[in-house]
Structures are given as structure tokens and as C-alpha cells.
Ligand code: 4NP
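Only one chain is included here, represented as C-alpha cells and corresponding to the form predicted on its own.
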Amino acid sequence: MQKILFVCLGNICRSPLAEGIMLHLKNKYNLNVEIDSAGTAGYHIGEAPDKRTITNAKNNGVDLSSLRARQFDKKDLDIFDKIYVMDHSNLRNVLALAKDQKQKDKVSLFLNAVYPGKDLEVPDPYYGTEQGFEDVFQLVYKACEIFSSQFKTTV
């Protein structure tokens, strides 16, 4: 079973959204994958995702209510097969903890699944409007659908 980790700054907006969407798709498509999320900063350890993220996800049929923030740990580079980061700052922070090239090769920008080689960032909706949360939801959902095709199991 593949283990994937989604990483953003505080683990309250983008990465728990990706985790929740992938858990939703795991159930929908019977995916053979383990999913988690973390933040590079420890600002929100143990907290639920941002209320606006929870509300927007719920409005789109995805439940994030059981998720809690945690901080990325260098052990995650050993545990997970693939680590998807939301922006260039997260990428630098995670790569700085990698002990070798094998670990570095596990880490990539999240949106490269949708836009290969473009190195685009998922915008942080935290300081924006409700429309920003919806835009991020749609962007993350699209990428997660692509990820899910890699983990579909035959019935």
C-alpha cells in the first residue's frame, strides 16, 4: 500500500483539504492508499482545519471534521512514499530535512500532477475570501482525482 502525505504551512487549509478529499475518493473508488497531512510550522498542532475550509469542503460533500493538524517531522521522509507540498516555501522546508537524494525524490509540488513541470503553487486561502476557499477546493479536488487514478484497485 502506498503512503502519501500532503504538506502546507499550518495544516489547517490546503493540506487537510487534500487529505480529506483523498479520504473521500479512497472510499468512493476503493483506493489502496494511506493518506495523511502535516504542516511545516507548528502553529496549529492538534487543531481542526480552518472553519472556512471545513464549511467549504462540507458544501462540496467532503467531511474534514475528524482531521487535526500536526507538524511535519523528518521521520515522515522515511514513512511516506510520496510527499506533495503546496508551495515553494513548503518544498524548501521539507527538502531541507531530507538526508539523501532518495528522500528528496519523494517530494514534489502538489499541482505538478495537474500541470506537469509548471511548478505552480496552491494559493493559500487563509487571508482571502470565501471564493478563494472554493477556488482552492476545486483546484485540489482536480489534482486529487488525478492522484486517485494511480491508486484504483480492481474489484
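What you see is a predicted model, and the numbers here were worked out from it, not measured in a lab. The first residue of the sequence shown is number 1, and the count goes up from there.
This protein has a second form, the form predicted in complex with the ligand, left out of what is shown; the following refers to that one.
Chemist: Looking in the predicted bound form, any heavy atom of Asp124 within 4.5 Å of the ligand?
Modeler: Heavy-atom contact with the ligand at 4.5 Å: present for Asp124.
Chemist: Classify Tyr29 as contacting or not contacting the ligand in the predicted bound form by the rule of any non-hydrogen atom within 4.5 angstroms, answering yes or no.
Modeler: Output for Tyr29 is no: heavy atoms all beyond 4.5 Å of the ligand.
Chemist: Is Tyr43 close to the ligand in the predicted bound form, meaning a heavy atom pair under 4.5 Å apart or at it?
Modeler: Answer yes; at least one heavy atom of Tyr43 falls within 4.5 Å of the ligand in the predicted bound form.
Chemist: Does Cys13 reach the ligand in the predicted bound form, with heavy atoms at most 4.5 Å apart?
Modeler: It does: once the ligand is placed as it appears in the predicted bound form, Cys13 has a heavy atom within 4.5 Å of it.
Chemist: Pick the stretch from 113-121, 57-65, 126-134, 99-107 whose residues have a heavy atom within 4.5 Å of the ligand in the predicted bound form.
Modeler: Contact-bearing stretch, as computed: 126-134.
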